[in-house]
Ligand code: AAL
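Starting off, we have a lone chain in the form predicted on its own, written out as structure tokens.
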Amino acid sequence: MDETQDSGSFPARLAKDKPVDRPISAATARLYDHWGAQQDRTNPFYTTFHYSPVTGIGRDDRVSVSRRDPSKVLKIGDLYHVWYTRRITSVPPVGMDRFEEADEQIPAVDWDLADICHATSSNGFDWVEQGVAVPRAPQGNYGDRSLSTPDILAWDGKFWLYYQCFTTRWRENDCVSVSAAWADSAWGPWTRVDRPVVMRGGRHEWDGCAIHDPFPLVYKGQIWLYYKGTPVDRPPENLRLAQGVAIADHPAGPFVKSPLNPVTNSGHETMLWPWRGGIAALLSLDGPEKNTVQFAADGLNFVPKAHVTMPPQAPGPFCPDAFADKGDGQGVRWGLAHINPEGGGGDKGCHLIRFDCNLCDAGRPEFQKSNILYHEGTWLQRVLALSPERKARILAQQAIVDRQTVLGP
């Protein structure tokens, strides 16, 4: 018995161009107008992410040691270089809810009482920690509390590190600006600028509290420093997390913020790369367009191009042409990120791992799959487990709904 019938319905094989001789749904039209008829299989903005442990800067079982927020990875000669936030304290952080207990020896959060550290590798998997590149400033000076979230720029024969500067005792929702240090070599020694180079906005502006995660690229002959901003006050109606860009002709500034800021409406951390005359970005974790890869042909007006699953946290990509300014880019194949093995937030320690991906034109079909299955531990994270109190609330709410929707005797 034949169970099929050719009724002239939409064909299985997608035509290259959007059909004009038949009605189509809004979703099908979007496929052609926005996502592309070949979908994820040929989309250079779509990828899965594969993760690997690294040695030297990877997991450290001492609870008072943390390595996080890796910079872009640079290759100089035969070595890869990375810079990152490192905290070594005698006790673990007390956490944001007990921040008033922090002092000169007790960190409030994971990135408190930290310095900027440097490591090298010959293969991207096995790293050698080279020690502190930029230490905190002497007590009583700008940047004496903590330095964090570094990123690197190569410009006119010199190297520039940008990072957050925390000054004096850590406070709840501490508001910080971005400073910099420079060196003639990736090995240092580094000279601190010892002043803000990207200033916070006004109290009622979207970036009035903090300039996080500076990420410099060379674009259109200038330094484009992308960053995440947060406001001072954070009621539900305020923009919580977004990204902007500040542009300068010299690494020390002055940096001028784009009038279009914020240029994204989402994204917890910054990861960008040159691509086909514009700038691509990975936006993860926060906001209505979280976990998307986006593209701006002008570096400013970003449009979602792909959805991704389990993107890296605080990614530092190996981006070989980040400073080439040649109107195109090779994309991103790998980089470093941080994870917290406990799941948890600011009171937990992180360590660095490697990610591999296919945010490029390279033929890597193993990164183009879309149905990714995870280990049970991914779904049943301890941090997401139901407490008895939360379970009781859910059951009480469920009982109310059940009484209203019972069907029949």
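Start at 1 with the first residue shown and count on from there. Please read these numbers as outputs of a predicted model, since none were measured by experiment.
Here the subject shifts to the form predicted together with 3,6-anhydro-alpha-L-galactopyranose, a form of this protein not shown in this document.
A.B. asks: May I ask you to check whether residue 115 falls inside a 4.5 Å heavy atom distance of 3,6-anhydro-alpha-L-galactopyranose in the predicted bound form?
C.D. replies: Result no; residue 115 lies far from 3,6-anhydro-alpha-L-galactopyranose in the predicted bound form.
A.B. asks: Is residue 111 part of the interface with 3,6-anhydro-alpha-L-galactopyranose in the predicted bound form - any heavy atom within 4.5 Å?
C.D. replies: Residue 111: contacts 3,6-anhydro-alpha-L-galactopyranose in the predicted bound form.
A.B. asks: Taking 3,6-anhydro-alpha-L-galactopyranose as it sits in the predicted bound form, is residue 213 near enough to touch it, meaning that at least one heavy atom pair lies within 4.5 angstroms?
C.D. replies: Contact check for residue 213: yes, within 4.5 Å of 3,6-anhydro-alpha-L-galactopyranose in the predicted bound form.
A.B. asks: If you check in the predicted bound form, is residue 149 within 4.5 Å of 3,6-anhydro-alpha-L-galactopyranose, heavy atoms only?
C.D. replies: It does: once 3,6-anhydro-alpha-L-galactopyranose is placed as it appears in the predicted bound form, residue 149 has a heavy atom within 4.5 Å of it.
A.B. asks: Which residue among 268, 307, 333, 136 has a heavy atom within 4.5 angstroms of 3,6-anhydro-alpha-L-galactopyranose in the predicted bound form?
C.D. replies: By the 4.5 Å heavy-atom cutoff, the listed residue in contact is 268.
A.B. asks: 3,6-anhydro-alpha-L-galactopyranose isn't shown here, but in the predicted bound form which of 144, 174, 205, 325 has a heavy atom within 4.5 Å of it?
C.D. replies: By the 4.5 Å heavy-atom cutoff, the listed residue in contact is 174.
A.B. asks: Within 4.5 Å, heavy atoms only, one stretch in 184-192, 295-303, 123-131, 205-213 touches 3,6-anhydro-alpha-L-galactopyranose in the predicted bound form. Which?
C.D. replies: Going by heavy atoms within 4.5 Å, the stretch is 205-213.
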